[in-house]
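Take a look at this single chain in C-alpha coordinates; it is the form predicted on its own.
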(Lines give C-alpha, C1' and ligand atoms only; values in the text may rest on other atoms or scores of the structure.)
Protein backbone atom coordinates (compact mmCIF):
# COMPACT_ATOMS: atom_id res chain seq x y z
CA UNK A 1 0.00 0.00 0.00
CA UNK A 2 1.48 3.38 -0.99
CA UNK A 3 2.04 6.09 1.64
CA UNK A 4 -0.57 8.30 -0.06
CA UNK A 5 -3.16 5.51 0.04
CA UNK A 6 -2.35 4.82 3.68
CA UNK A 7 -2.69 8.51 4.47
CA UNK A 8 -6.09 8.69 2.79
CA UNK A 9 -7.23 5.62 4.72
CA UNK A 10 -6.12 7.06 8.05
CA UNK A 11 -7.84 10.37 7.38
CA UNK A 12 -11.00 8.69 6.16
CA UNK A 13 -11.19 6.66 9.35
CA UNK A 14 -10.52 9.68 11.56
CA UNK A 15 -13.76 10.67 13.22
CA UNK A 16 -14.43 14.25 14.27
CA UNK A 17 -13.81 14.62 17.97
CA UNK A 18 -14.41 17.24 20.56
CA UNK A 19 -11.19 16.17 22.25
CA UNK A 20 -8.45 18.63 21.30
CA UNK A 21 -5.40 17.28 19.52
CA UNK A 22 -3.28 20.35 20.23
CA UNK A 23 -1.91 20.54 23.76
CA UNK A 24 -2.89 23.84 25.40
CA UNK A 25 -1.32 23.13 28.80
CA UNK A 26 1.62 25.50 28.20
CA UNK A 27 -0.60 28.35 26.97
CA UNK A 28 -1.99 31.15 29.09
CA UNK A 29 -5.72 31.26 29.74
CA UNK A 30 -6.48 33.59 26.84
CA UNK A 31 -4.41 31.61 24.34
CA UNK A 32 -5.91 28.31 25.47
CA UNK A 33 -9.48 29.65 25.24
CA UNK A 34 -8.92 31.03 21.76
CA UNK A 35 -7.31 27.79 20.59
CA UNK A 36 -10.12 25.64 22.00
CA UNK A 37 -12.85 27.70 20.35
CA UNK A 38 -11.05 27.74 17.00
CA UNK A 39 -10.25 24.02 17.10
CA UNK A 40 -13.76 22.94 18.00
CA UNK A 41 -15.14 25.06 15.15
CA UNK A 42 -13.11 23.14 12.57
CA UNK A 43 -14.73 20.53 10.36
CA UNK A 44 -13.77 16.91 9.94
CA UNK A 45 -10.69 16.75 7.77
CA UNK A 46 -11.23 15.84 4.11
CA UNK A 47 -7.75 16.55 2.75
CA UNK A 48 -7.87 13.39 0.66
CA UNK A 49 -10.10 15.40 -1.74
CA UNK A 50 -8.05 18.60 -1.61
CA UNK A 51 -5.56 19.30 -4.39
CA UNK A 52 -3.78 21.97 -2.36
CA UNK A 53 -3.93 19.90 0.83
CA UNK A 54 -2.07 17.09 -0.93
CA UNK A 55 0.74 19.47 -1.90
CA UNK A 56 1.66 19.92 1.76
CA UNK A 57 2.00 16.13 2.02
CA UNK A 58 4.26 15.99 -1.02
CA UNK A 59 1.66 14.79 -3.52
CA UNK A 60 1.04 16.53 -6.84
CA UNK A 61 -2.26 15.18 -8.19
CA UNK A 62 -2.91 16.82 -11.59
CA UNK A 63 -5.96 14.63 -12.17
CA UNK A 64 -7.76 16.68 -9.50
CA UNK A 65 -7.21 19.92 -11.36
CA UNK A 66 -7.36 18.92 -15.02
CA UNK A 67 -9.17 19.10 -17.27
CA UNK A 68 -9.96 22.59 -16.09
CA UNK A 69 -13.71 22.86 -15.35
CA UNK A 70 -15.84 24.76 -17.86
CA UNK A 71 -19.29 26.30 -17.72
CA UNK A 72 -22.13 24.66 -19.57
CA UNK A 73 -23.32 26.60 -22.61
CA UNK A 74 -26.58 27.41 -20.83
CA UNK A 75 -24.88 28.70 -17.69
CA UNK A 76 -22.36 30.66 -19.74
CA UNK A 77 -25.09 32.33 -21.79
CA UNK A 78 -26.94 33.28 -18.61
CA UNK A 79 -23.79 34.86 -17.22
CA UNK A 80 -22.97 36.65 -20.48
CA UNK A 81 -26.38 38.30 -20.45
CA UNK A 82 -26.34 39.69 -16.93
CA UNK A 83 -22.67 40.72 -17.06
CA UNK A 84 -23.45 42.70 -20.20
CA UNK A 85 -26.57 44.31 -18.72
CA UNK A 86 -24.92 45.22 -15.42
CA UNK A 87 -21.81 46.56 -17.16
CA UNK A 88 -23.86 48.75 -19.52
CA UNK A 89 -26.00 50.05 -16.67
CA UNK A 90 -23.07 51.01 -14.45
CA UNK A 91 -21.10 52.56 -17.30
CA UNK A 92 -24.05 54.82 -18.08
CA UNK A 93 -25.38 55.61 -14.61
CA UNK A 94 -22.60 55.34 -12.02
CA UNK A 95 -19.71 57.79 -11.67
CA UNK A 96 -17.33 55.87 -9.41
CA UNK A 97 -15.22 58.97 -8.71
CA UNK A 98 -18.35 60.84 -7.60
CA UNK A 99 -19.16 57.93 -5.25
CA UNK A 100 -15.67 58.25 -3.77
CA UNK A 101 -16.05 62.03 -3.37
CA UNK A 102 -19.59 62.05 -1.95
CA UNK A 103 -19.35 58.77 0.03
CA UNK A 104 -22.69 57.86 -1.52
CA UNK A 105 -23.87 55.28 -4.02
CA UNK A 106 -26.91 56.99 -5.58
CA UNK A 107 -30.21 55.44 -4.59
CA UNK A 108 -31.28 55.25 -8.23
CA UNK A 109 -28.22 53.08 -8.93
CA UNK A 110 -29.10 50.76 -6.05
CA UNK A 111 -32.67 50.58 -7.37
CA UNK A 112 -31.38 49.87 -10.88
CA UNK A 113 -29.18 47.03 -9.63
CA UNK A 114 -32.14 45.71 -7.67
CA UNK A 115 -34.26 45.71 -10.83
CA UNK A 116 -31.52 43.81 -12.65
CA UNK A 117 -31.63 41.14 -9.93
CA UNK A 118 -28.11 41.79 -8.68
CA UNK A 119 -29.10 41.54 -5.00
CA UNK A 120 -30.78 38.16 -5.45
CA UNK A 121 -28.25 36.38 -7.66
CA UNK A 122 -27.42 33.65 -5.12
CA UNK A 123 -30.94 33.11 -3.78
CA UNK A 124 -32.65 29.96 -5.13
CA UNK A 125 -35.34 30.49 -7.76
CA UNK A 126 -37.89 28.81 -5.47
CA UNK A 127 -37.64 31.86 -3.20
CA UNK A 128 -37.72 34.46 -5.96
CA UNK A 129 -33.98 34.60 -6.61
CA UNK A 130 -31.92 34.04 -9.74
CA UNK A 131 -30.23 30.87 -8.45
CA UNK A 132 -26.88 31.74 -10.02
CA UNK A 133 -23.88 29.47 -9.97
CA UNK A 134 -20.86 30.71 -8.03
CA UNK A 135 -19.09 31.20 -11.35
CA UNK A 136 -21.72 33.55 -12.76
CA UNK A 137 -22.04 35.36 -9.46
CA UNK A 138 -18.29 36.00 -9.44
CA UNK A 139 -18.35 37.07 -13.08
CA UNK A 140 -20.82 39.81 -12.16
CA UNK A 141 -18.74 40.82 -9.12
CA UNK A 142 -15.61 40.98 -11.27
CA UNK A 143 -17.34 43.37 -13.68
CA UNK A 144 -18.71 45.59 -10.90
CA UNK A 145 -15.36 45.72 -9.06
CA UNK A 146 -13.56 46.77 -12.22
CA UNK A 147 -15.73 49.91 -12.25
CA UNK A 148 -16.47 50.75 -8.59
CA UNK A 149 -15.06 48.98 -5.57
CA UNK A 150 -17.64 50.45 -3.20
CA UNK A 151 -20.52 49.07 -5.25
CA UNK A 152 -18.86 45.65 -5.43
CA UNK A 153 -18.58 45.59 -1.63
CA UNK A 154 -22.24 46.59 -1.28
CA UNK A 155 -23.26 43.57 -3.35
CA UNK A 156 -20.73 41.14 -1.88
CA UNK A 157 -21.30 41.96 1.79
CA UNK A 158 -25.03 41.47 1.21
CA UNK A 159 -24.82 38.07 -0.53
CA UNK A 160 -21.44 36.50 0.10
CA UNK A 161 -21.44 36.71 3.89
CA UNK A 162 -24.75 38.44 4.68
CA UNK A 163 -28.00 36.64 5.48
CA UNK A 164 -28.57 34.84 2.12
CA UNK A 165 -25.46 32.63 2.21
CA UNK A 166 -25.66 31.20 5.77
CA UNK A 167 -29.43 30.96 5.51
CA UNK A 168 -29.16 29.01 2.26
CA UNK A 169 -26.55 26.70 3.80
CA UNK A 170 -27.93 26.21 7.33
CA UNK A 171 -31.38 27.78 7.62
CA UNK A 172 -34.51 25.83 8.50
CA UNK A 173 -37.30 25.62 5.90
CA UNK A 174 -39.29 28.08 8.01
CA UNK A 175 -36.41 30.56 8.16
CA UNK A 176 -35.85 30.35 4.43
CA UNK A 177 -39.54 30.81 3.68
CA UNK A 178 -39.74 33.82 5.96
CA UNK A 179 -36.62 35.72 4.93
CA UNK A 180 -35.38 34.70 1.48
CA UNK A 181 -38.46 36.07 -0.36
CA UNK A 182 -38.00 39.36 1.48
CA UNK A 183 -34.38 39.53 0.40
CA UNK A 184 -35.37 38.66 -3.17
CA UNK A 185 -37.67 41.69 -3.15
CA UNK A 186 -34.77 43.98 -2.31
CA UNK A 187 -34.02 44.03 1.42
CA UNK A 188 -30.29 44.41 2.12
CA UNK A 189 -28.37 42.37 4.68
CA UNK A 190 -25.11 42.36 6.61
CA UNK A 191 -22.88 40.14 8.75
CA UNK A 192 -22.03 41.32 12.29
CA UNK A 193 -19.05 39.52 13.82
CA UNK A 194 -16.25 42.00 14.57
CA UNK A 195 -16.26 43.93 17.85
CA UNK A 196 -14.11 46.82 19.15
CA UNK A 197 -11.83 44.33 20.94
CA UNK A 198 -12.46 41.31 18.71
CA UNK A 199 -10.90 40.81 15.31
CA UNK A 200 -9.73 37.27 14.60
CA UNK A 201 -9.93 36.10 18.23
CA UNK A 202 -13.49 34.90 18.96
CA UNK A 203 -12.63 34.05 22.55
CA UNK A 204 -12.80 37.76 23.37
CA UNK A 205 -16.34 38.20 22.06
CA UNK A 206 -18.43 40.21 24.52
CA UNK A 207 -21.79 40.39 22.73
CA UNK A 208 -24.11 38.06 24.61
CA UNK A 209 -27.47 36.41 24.02
CA UNK A 210 -29.20 35.22 27.18
CA UNK A 211 -32.10 32.79 26.89
CA UNK A 212 -35.29 33.94 28.57
CA UNK A 213 -36.74 32.00 31.49
CA UNK A 214 -39.58 30.66 29.35
CA UNK A 215 -37.13 29.63 26.59
CA UNK A 216 -38.92 31.54 23.81
CA UNK A 217 -36.42 34.29 23.05
CA UNK A 218 -32.88 35.56 23.68
CA UNK A 219 -31.90 38.97 25.05
CA UNK A 220 -29.10 40.29 22.84
CA UNK A 221 -26.65 42.85 24.21
CA UNK A 222 -23.37 44.15 22.81
CA UNK A 223 -21.60 46.22 20.18
CA UNK A 224 -20.52 45.22 16.68
CA UNK A 225 -17.93 47.19 14.75
CA UNK A 226 -17.16 47.60 11.03
CA UNK A 227 -20.40 46.00 9.92
CA UNK A 228 -20.48 46.55 6.16
CA UNK A 229 -24.00 47.45 4.96
CA UNK A 230 -25.01 47.75 8.63
CA UNK A 231 -26.39 51.31 8.40
CA UNK A 232 -28.67 50.40 5.47
CA UNK A 233 -29.41 46.72 6.13
CA UNK A 234 -32.78 45.52 7.33
CA UNK A 235 -31.51 42.03 8.25
CA UNK A 236 -28.33 40.97 10.04
CA UNK A 237 -26.51 37.79 10.92
CA UNK A 238 -25.23 38.49 14.44
CA UNK A 239 -22.70 36.37 16.33
CA UNK A 240 -23.04 36.30 20.12
CA UNK A 241 -21.98 34.28 23.13
CA UNK A 242 -24.69 32.08 24.55
CA UNK A 243 -24.56 30.16 27.83
CA UNK A 244 -21.40 28.05 28.18
CA UNK A 245 -21.65 24.28 28.23
CA UNK A 246 -19.80 21.74 30.33
CA UNK A 247 -18.03 19.16 28.21
CA UNK A 248 -15.97 16.42 29.85
CA UNK A 249 -15.84 18.42 33.05
CA UNK A 250 -14.68 21.64 31.43
CA UNK A 251 -16.69 24.77 30.70
CA UNK A 252 -16.60 25.78 27.04
CA UNK A 253 -17.79 29.03 25.50
CA UNK A 254 -20.58 28.86 22.94
CA UNK A 255 -20.90 31.23 19.98
CA UNK A 256 -24.27 31.26 18.24
CA UNK A 257 -25.56 32.92 15.05
CA UNK A 258 -28.85 34.80 14.99
CA UNK A 259 -31.00 36.51 12.38
CA UNK A 260 -31.77 40.01 13.67
CA UNK A 261 -34.09 42.57 12.10
CA UNK A 262 -32.73 46.10 12.41
CA UNK A 263 -36.12 47.69 13.08
CA UNK A 264 -36.50 45.72 16.31
CA UNK A 265 -36.41 47.68 19.57
CA UNK A 266 -32.88 48.02 20.93
CA UNK A 267 -31.00 47.89 17.60
CA UNK A 268 -29.21 51.15 16.88
CA UNK A 269 -26.66 52.36 14.34
CA UNK A 270 -24.41 54.70 16.31
CA UNK A 271 -21.68 55.65 13.82
CA UNK A 272 -20.86 55.40 10.12
CA UNK A 273 -17.15 54.74 9.59
CA UNK A 274 -15.08 56.66 7.05
CA UNK A 275 -12.12 54.86 5.47
CA UNK A 276 -9.09 55.56 3.32
CA UNK A 277 -10.71 53.78 0.39
CA UNK A 278 -14.07 52.27 -0.52
CA UNK A 279 -15.51 55.56 0.71
CA UNK A 280 -18.95 54.80 -0.71
CA UNK A 281 -19.59 51.78 1.51
CA UNK A 282 -22.07 51.94 4.37
CA UNK A 283 -20.06 50.55 7.26
CA UNK A 284 -20.84 51.26 10.88
CA UNK A 285 -21.07 50.54 14.57
CA UNK A 286 -24.24 48.79 15.74
CA UNK A 287 -25.33 48.48 19.35
CA UNK A 288 -27.79 45.92 20.71
CA UNK A 289 -29.57 46.73 23.96
CA UNK A 290 -31.92 44.07 25.34
CA UNK A 291 -32.98 43.08 21.83
CA UNK A 292 -35.54 40.28 21.92
CA UNK A 293 -34.52 37.65 19.37
CA UNK A 294 -37.04 34.80 18.92
CA UNK A 295 -35.75 31.31 19.56
CA UNK A 296 -36.59 30.36 15.96
CA UNK A 297 -34.07 32.94 14.70
CA UNK A 298 -31.08 30.85 15.75
CA UNK A 299 -29.29 29.69 12.61
CA UNK A 300 -28.17 26.04 12.53
CA UNK A 301 -28.00 25.58 16.31
CA UNK A 302 -26.68 26.91 19.59
CA UNK A 303 -22.90 26.90 19.78
CA UNK A 304 -22.45 26.47 16.02
CA UNK A 305 -21.95 30.15 15.21
CA UNK A 306 -18.22 30.13 14.65
CA UNK A 307 -18.38 26.96 12.56
CA UNK A 308 -21.14 28.64 10.52
CA UNK A 309 -18.96 31.72 10.05
CA UNK A 310 -16.00 29.66 8.88
CA UNK A 311 -18.09 27.65 6.42
CA UNK A 312 -19.74 30.80 5.11
CA UNK A 313 -16.39 32.50 4.63
CA UNK A 314 -14.97 29.52 2.75
CA UNK A 315 -17.31 30.36 -0.12
CA UNK A 316 -17.78 34.04 0.68
CA UNK A 317 -14.05 34.67 0.29
CA UNK A 318 -14.25 33.71 -3.38
CA UNK A 319 -15.78 37.05 -4.34
CA UNK A 320 -12.64 38.84 -3.24
CA UNK A 321 -10.36 37.09 -5.78
CA UNK A 322 -12.94 37.86 -8.48
CA UNK A 323 -13.02 41.53 -7.45
CA UNK A 324 -9.21 41.69 -7.34
CA UNK A 325 -9.04 40.17 -10.81
CA UNK A 326 -11.53 42.75 -12.09
CA UNK A 327 -9.46 45.63 -10.75
CA UNK A 328 -6.26 44.07 -12.10
CA UNK A 329 -7.77 43.79 -15.58
CA UNK A 330 -8.46 47.52 -15.39
CA UNK A 331 -4.83 48.09 -14.40
CA UNK A 332 -3.73 45.99 -17.37
CA UNK A 333 -5.70 48.20 -19.75
CA UNK A 334 -4.20 51.34 -18.20
CA UNK A 335 -0.65 49.95 -18.28
CA UNK A 336 -1.01 48.81 -21.89
CA UNK A 337 -2.47 52.10 -23.14
CA UNK A 338 -0.13 54.37 -21.20
CA UNK A 339 2.85 52.11 -21.89
CA UNK A 340 2.34 52.69 -25.64
CA UNK A 341 1.37 56.35 -25.42
CA UNK A 342 3.89 57.89 -23.04
CA UNK A 343 7.38 58.42 -24.50
CA UNK A 344 10.55 59.03 -22.51
CA UNK A 345 14.13 59.05 -23.78
CA UNK A 346 13.04 58.35 -27.32
CA UNK A 347 10.90 55.28 -26.62
CA UNK A 348 7.42 54.53 -25.25
CA UNK A 349 7.85 53.65 -21.56
CA UNK A 350 6.39 50.22 -22.25
CA UNK A 351 9.36 49.44 -24.49
CA UNK A 352 11.98 50.21 -21.85
CA UNK A 353 13.01 47.03 -20.07
CA UNK A 354 11.84 48.29 -16.67
CA UNK A 355 8.44 49.13 -18.16
CA UNK A 356 8.19 45.79 -19.96
CA UNK A 357 8.94 43.95 -16.73
CA UNK A 358 6.10 45.73 -14.93
CA UNK A 359 3.63 45.16 -17.76
CA UNK A 360 4.58 41.47 -18.00
CA UNK A 361 4.02 41.03 -14.27
CA UNK A 362 0.62 42.74 -14.42
CA UNK A 363 -0.52 40.65 -17.39
CA UNK A 364 0.80 37.28 -16.19
CA UNK A 365 -0.39 37.71 -12.61
CA UNK A 366 -3.85 38.89 -13.67
CA UNK A 367 -4.14 35.73 -15.75
CA UNK A 368 -3.17 33.61 -12.74
CA UNK A 369 -5.70 35.43 -10.56
CA UNK A 370 -8.43 34.54 -13.04
CA UNK A 371 -7.27 30.93 -13.08
CA UNK A 372 -7.65 30.46 -9.31
CA UNK A 373 -10.86 32.51 -9.25
CA UNK A 374 -12.64 30.34 -11.81
CA UNK A 375 -11.18 27.08 -10.53
CA UNK A 376 -12.31 27.66 -6.94
CA UNK A 377 -15.67 29.02 -8.13
CA UNK A 378 -16.32 25.88 -10.16
CA UNK A 379 -15.29 23.73 -7.21
CA UNK A 380 -17.70 25.64 -4.98
CA UNK A 381 -20.49 24.84 -7.46
CA UNK A 382 -19.46 21.19 -7.22
CA UNK A 383 -19.72 21.34 -3.40
CA UNK A 384 -16.10 20.35 -2.97
CA UNK A 385 -14.25 21.10 0.25
CA UNK A 386 -12.35 24.25 -0.74
CA UNK A 387 -11.32 25.60 2.65
CA UNK A 388 -7.62 25.43 1.72
CA UNK A 389 -7.98 26.54 -1.90
CA UNK A 390 -10.35 29.41 -1.02
CA UNK A 391 -7.89 30.70 1.58
CA UNK A 392 -5.05 30.44 -0.93
CA UNK A 393 -7.07 32.24 -3.59
CA UNK A 394 -7.87 35.05 -1.16
CA UNK A 395 -4.27 35.31 0.04
CA UNK A 396 -2.69 35.23 -3.41
CA UNK A 397 -5.14 37.53 -5.19
CA UNK A 398 -5.29 40.18 -2.49
CA UNK A 399 -1.49 40.36 -2.22
CA UNK A 400 -1.02 40.28 -6.00
CA UNK A 401 -3.65 42.97 -6.62
CA UNK A 402 -1.86 45.34 -4.25
CA UNK A 403 1.41 44.87 -6.14
CA UNK A 404 -0.36 45.27 -9.48
CA UNK A 405 -1.95 48.59 -8.53
CA UNK A 406 1.39 49.75 -7.11
CA UNK A 407 3.15 48.91 -10.39
CA UNK A 408 0.39 50.65 -12.33
CA UNK A 409 0.90 53.74 -10.16
CA UNK A 410 4.62 53.61 -10.94
CA UNK A 411 3.98 53.28 -14.67
CA UNK A 412 1.67 56.29 -14.59
CA UNK A 413 4.10 58.30 -12.46
CA UNK A 414 2.75 61.63 -11.20
CA UNK A 415 -0.46 61.14 -13.16
CA UNK A 416 -1.11 57.98 -11.18
CA UNK A 417 -0.83 59.93 -7.94
CA UNK A 418 -3.13 62.68 -9.21
CA UNK A 419 -6.85 62.26 -8.60
CA UNK A 420 -9.05 61.44 -11.59
CA UNK A 421 -11.16 64.59 -11.24
CA UNK A 422 -8.05 66.75 -11.38
CA UNK A 423 -6.89 64.94 -14.51
CA UNK A 424 -10.32 65.39 -16.08
CA UNK A 425 -10.38 69.12 -15.29
CA UNK A 426 -7.14 69.70 -17.16
CA UNK A 427 -8.11 67.64 -20.16
CA UNK A 428 -6.23 64.39 -19.53
CA UNK A 429 -7.61 60.85 -19.51
CA UNK A 430 -8.93 60.41 -15.95
CA UNK A 431 -7.50 57.00 -15.11
CA UNK A 432 -8.51 56.49 -11.45
CA UNK A 433 -5.29 54.80 -10.30
CA UNK A 434 -5.14 56.84 -7.08
CA UNK A 435 -8.66 55.77 -6.11
CA UNK A 436 -8.01 52.17 -7.11
CA UNK A 437 -4.96 52.07 -4.86
CA UNK A 438 -6.94 53.35 -1.88
CA UNK A 439 -9.79 50.94 -2.58
CA UNK A 440 -7.44 47.98 -3.04
CA UNK A 441 -5.47 48.24 0.18
CA UNK A 442 -8.18 46.75 2.37
CA UNK A 443 -8.18 43.45 0.49
CA UNK A 444 -5.24 42.04 2.46
CA UNK A 445 -7.12 42.83 5.68
CA UNK A 446 -10.83 42.02 5.26
CA UNK A 447 -12.28 38.51 5.53
CA UNK A 448 -9.09 37.29 7.15
CA UNK A 449 -5.83 39.24 7.03
CA UNK A 450 -2.93 37.81 5.06
CA UNK A 451 -1.29 36.84 8.35
CA UNK A 452 -4.42 35.04 9.52
CA UNK A 453 -4.76 33.29 6.16
CA UNK A 454 -1.22 31.95 6.52
CA UNK A 455 -1.93 30.70 10.05
CA UNK A 456 -5.19 29.14 8.88
CA UNK A 457 -3.37 27.38 6.05
CA UNK A 458 -0.63 26.25 8.42
CA UNK A 459 -3.19 24.61 10.70
CA UNK A 460 -4.75 22.82 7.72
CA UNK A 461 -1.35 21.81 6.36
CA UNK A 462 -0.33 20.30 9.68
CA UNK A 463 -3.61 18.49 10.20
CA UNK A 464 -2.79 15.19 8.40
CA UNK A 465 0.26 14.80 10.64
CA UNK A 466 -1.70 15.80 13.74
CA UNK A 467 -4.55 13.43 12.93
CA UNK A 468 -2.20 10.48 12.56
CA UNK A 469 -0.38 11.39 15.76
CA UNK A 470 -3.58 12.22 17.66
CA UNK A 471 -3.33 9.35 20.14
CA UNK A 472 0.26 10.31 20.93
CA UNK A 473 -0.51 14.00 21.35
CA UNK A 474 -3.71 13.82 23.39
CA UNK A 475 -3.19 14.05 27.13
CA UNK A 476 -4.52 11.12 29.10
CA UNK A 477 -4.32 8.53 26.31
CA UNK A 478 -3.62 5.05 27.80
CA UNK A 479 -0.02 3.92 27.47
CA UNK A 480 -0.92 0.89 25.38
CA UNK A 481 -2.85 2.98 22.92
CA UNK A 482 0.04 5.43 22.70
CA UNK A 483 2.45 2.57 21.93
CA UNK A 484 0.24 1.19 19.14
CA UNK A 485 -0.09 4.68 17.70
CA UNK A 486 3.69 5.05 17.78
CA UNK A 487 4.16 1.79 15.84
CA UNK A 488 1.60 2.83 13.20
CA UNK A 489 3.17 6.26 12.88
CA UNK A 490 6.67 4.86 12.56
CA UNK A 491 5.50 2.50 9.81
CA UNK A 492 3.90 5.31 7.86
CA UNK A 493 6.85 7.70 8.03
CA UNK A 494 9.33 4.92 7.26
CA UNK A 495 7.75 4.77 3.81
CA UNK A 496 6.58 8.38 3.42
CA UNK A 497 9.81 10.17 4.29
CA UNK A 498 12.11 8.39 1.79
CA UNK A 499 9.48 8.92 -0.88
CA UNK A 500 9.68 12.67 -0.29
CA UNK A 501 13.49 12.72 -0.24
CA UNK A 502 13.87 10.78 -3.48
CA UNK A 503 10.76 12.29 -5.00
CA UNK A 504 12.24 15.78 -4.99
CA UNK A 505 15.20 14.41 -6.97
CA UNK A 506 13.21 12.43 -9.52
CA UNK A 507 9.87 14.21 -9.68
CA UNK A 508 7.76 13.03 -12.58
CA UNK A 509 4.53 14.27 -14.12
CA UNK A 510 3.62 11.36 -16.37
CA UNK A 511 -0.10 12.09 -16.22
CA UNK A 512 0.24 15.69 -17.42
CA UNK A 513 0.56 16.84 -21.06
CA UNK A 514 4.01 16.99 -22.63
CA UNK A 515 3.85 20.57 -23.87
CA UNK A 516 5.60 23.89 -23.23
CA UNK A 517 4.27 23.92 -19.66
CA UNK A 518 5.39 20.39 -18.78
CA UNK A 519 8.53 21.68 -17.07
CA UNK A 520 6.41 23.72 -14.71
CA UNK A 521 4.40 20.61 -13.80
CA UNK A 522 7.65 18.87 -12.91
CA UNK A 523 8.68 21.89 -10.84
CA UNK A 524 5.41 21.78 -8.90
CA UNK A 525 5.80 18.04 -8.28
CA UNK A 526 9.40 18.47 -7.11
CA UNK A 527 8.61 21.44 -4.86
CA UNK A 528 5.67 19.60 -3.31
CA UNK A 529 8.18 17.04 -2.01
CA UNK A 530 10.54 19.80 -0.83
CA UNK A 531 7.65 21.57 0.88
CA UNK A 532 6.44 18.46 2.69
CA UNK A 533 9.96 17.70 3.98
CA UNK A 534 10.47 21.30 5.12
CA UNK A 535 7.16 21.25 6.96
CA UNK A 536 7.97 17.89 8.56
CA UNK A 537 11.39 19.11 9.69
CA UNK A 538 9.82 22.25 11.15
CA UNK A 539 7.36 20.10 13.12
CA UNK A 540 10.13 17.86 14.41
CA UNK A 541 12.33 20.79 15.41
CA UNK A 542 9.81 23.12 17.02
CA UNK A 543 7.03 20.68 18.04
CA UNK A 544 4.35 22.47 20.11
CA UNK A 545 6.12 25.80 19.64
CA UNK A 546 5.71 25.66 15.87
CA UNK A 547 2.48 27.69 15.94
CA UNK A 548 4.52 30.63 17.25
CA UNK A 549 6.97 30.47 14.33
CA UNK A 550 4.80 32.64 12.14
CA UNK A 551 7.59 33.81 9.82
CA UNK A 552 8.69 30.25 9.11
CA UNK A 553 5.11 29.08 8.61
CA UNK A 554 4.41 32.10 6.43
CA UNK A 555 7.16 31.16 3.99
CA UNK A 556 5.95 27.55 3.86
CA UNK A 557 2.35 28.61 3.25
CA UNK A 558 3.40 31.05 0.54
CA UNK A 559 5.28 28.21 -1.19
CA UNK A 560 2.17 26.02 -1.08
CA UNK A 561 0.02 28.85 -2.36
CA UNK A 562 2.34 29.61 -5.25
CA UNK A 563 2.43 25.93 -6.21
CA UNK A 564 -1.36 25.76 -6.23
CA UNK A 565 -1.61 28.90 -8.36
CA UNK A 566 1.03 27.60 -10.78
CA UNK A 567 -0.86 24.34 -11.27
CA UNK A 568 -4.18 26.15 -11.70
CA UNK A 569 -2.65 28.57 -14.19
CA UNK A 570 -1.20 25.78 -16.33
CA UNK A 571 -4.51 23.89 -16.37
CA UNK A 572 -6.42 27.09 -17.22
CA UNK A 573 -4.04 27.97 -20.05
CA UNK A 574 -4.32 24.51 -21.58
CA UNK A 575 -8.10 24.70 -21.45
CA UNK A 576 -8.21 28.13 -23.09
CA UNK A 577 -5.71 27.16 -25.77
CA UNK A 578 -7.86 24.16 -26.66
CA UNK A 579 -11.32 25.72 -26.52
CA UNK A 580 -10.97 29.49 -27.08
CA UNK A 581 -9.59 30.71 -30.41
CA UNK A 582 -9.09 34.23 -29.05
CA UNK A 583 -6.85 32.86 -26.28
CA UNK A 584 -4.64 30.62 -28.39
CA UNK A 585 -1.60 32.33 -26.84
CA UNK A 586 -2.66 31.54 -23.27
CA UNK A 587 0.25 29.11 -22.88
CA UNK A 588 2.68 32.00 -23.39
CA UNK A 589 1.28 34.10 -20.57
CA UNK A 590 1.06 31.07 -18.27
CA UNK A 591 4.70 30.25 -18.97
CA UNK A 592 5.78 33.74 -17.93
CA UNK A 593 3.74 33.61 -14.74
CA UNK A 594 5.22 30.23 -13.81
CA UNK A 595 8.75 31.51 -14.37
CA UNK A 596 8.04 34.47 -12.09
CA UNK A 597 6.37 32.25 -9.51
CA UNK A 598 9.27 29.78 -9.56
CA UNK A 599 11.66 32.58 -8.64
CA UNK A 600 9.45 33.61 -5.71
CA UNK A 601 9.23 30.01 -4.51
CA UNK A 602 13.00 29.62 -4.51
CA UNK A 603 13.29 32.86 -2.53
CA UNK A 604 10.92 31.45 0.09
CA UNK A 605 12.93 28.24 0.35
CA UNK A 606 16.11 30.28 0.86
CA UNK A 607 14.35 32.40 3.49
CA UNK A 608 13.69 29.26 5.56
CA UNK A 609 17.40 29.22 6.36
CA UNK A 610 17.65 32.94 7.17
CA UNK A 611 19.14 33.65 10.61
CA UNK A 612 17.74 37.17 11.03
CA UNK A 613 14.41 36.24 12.62
CA UNK A 614 15.83 35.80 16.14
CA UNK A 615 17.57 39.17 16.02
CA UNK A 616 14.45 40.82 14.61
CA UNK A 617 12.31 39.36 17.38
CA UNK A 618 14.70 40.69 20.02
CA UNK A 619 14.81 44.13 18.43
CA UNK A 620 11.02 44.32 18.30
CA UNK A 621 10.81 43.34 21.96
CA UNK A 622 13.32 46.01 22.90
CA UNK A 623 11.42 48.62 20.89
CA UNK A 624 8.21 47.71 22.71
CA UNK A 625 10.02 48.03 26.06
CA UNK A 626 11.02 51.56 25.12
CA UNK A 627 14.75 50.95 24.67
CA UNK A 628 14.79 52.90 21.39
CA UNK A 629 12.63 55.91 22.17
CA UNK A 630 15.65 58.07 21.28
CA UNK A 631 14.85 57.15 17.67
CA UNK A 632 11.54 59.00 17.99
CA UNK A 633 13.02 62.36 18.93
CA UNK A 634 13.01 65.40 16.66
CA UNK A 635 9.43 65.09 15.34
CA UNK A 636 5.99 66.44 16.22
CA UNK A 637 4.21 63.48 17.79
CA UNK A 638 0.69 62.90 16.49
CA UNK A 639 -0.59 60.61 19.23
CA UNK A 640 -0.59 60.88 23.01
CA UNK A 641 2.31 59.13 24.72
CA UNK A 642 1.47 55.55 25.72
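Just so it is clear, the structure is predicted and the values come from calculations on it, not from any experiment. Numbering follows the first chain given and starts at 1.
The next section is about a form of this same protein that is not shown, the form predicted together with a small molecule.
- Just one of 492, 226, 217, 170 comes within 4.5 Å of the small molecule in the predicted complex, counting any heavy atom, and that one is 226.
- Of the candidates 455, 526, 546, 360, 455 is the one whose heavy atoms come within 4.5 Å of the small molecule in the predicted complex; the others do not.
- Among residues of the shown chain, residue 318 is not one whose heavy atoms approach the small molecule to within 4.5 Å in the predicted complex.
- At a distance threshold of 4.5 angstroms between non-hydrogen atoms, residue 406 is out of contact with the small molecule in the predicted complex.
- Mapping the unseen interface onto this chain, residue 354 falls outside it, with no heavy atom inside 4.5 Å of the small molecule in the predicted complex.
- Interface membership of residue 445, defined by any non-hydrogen atom within 4.5 Å of the small molecule in the predicted complex, is confirmed.
- In short, of 437 to 445, 483 to 491, 513 to 521, 293 to 301 it is 437 to 445 that has heavy atoms within 4.5 Å of the small molecule in the predicted complex.
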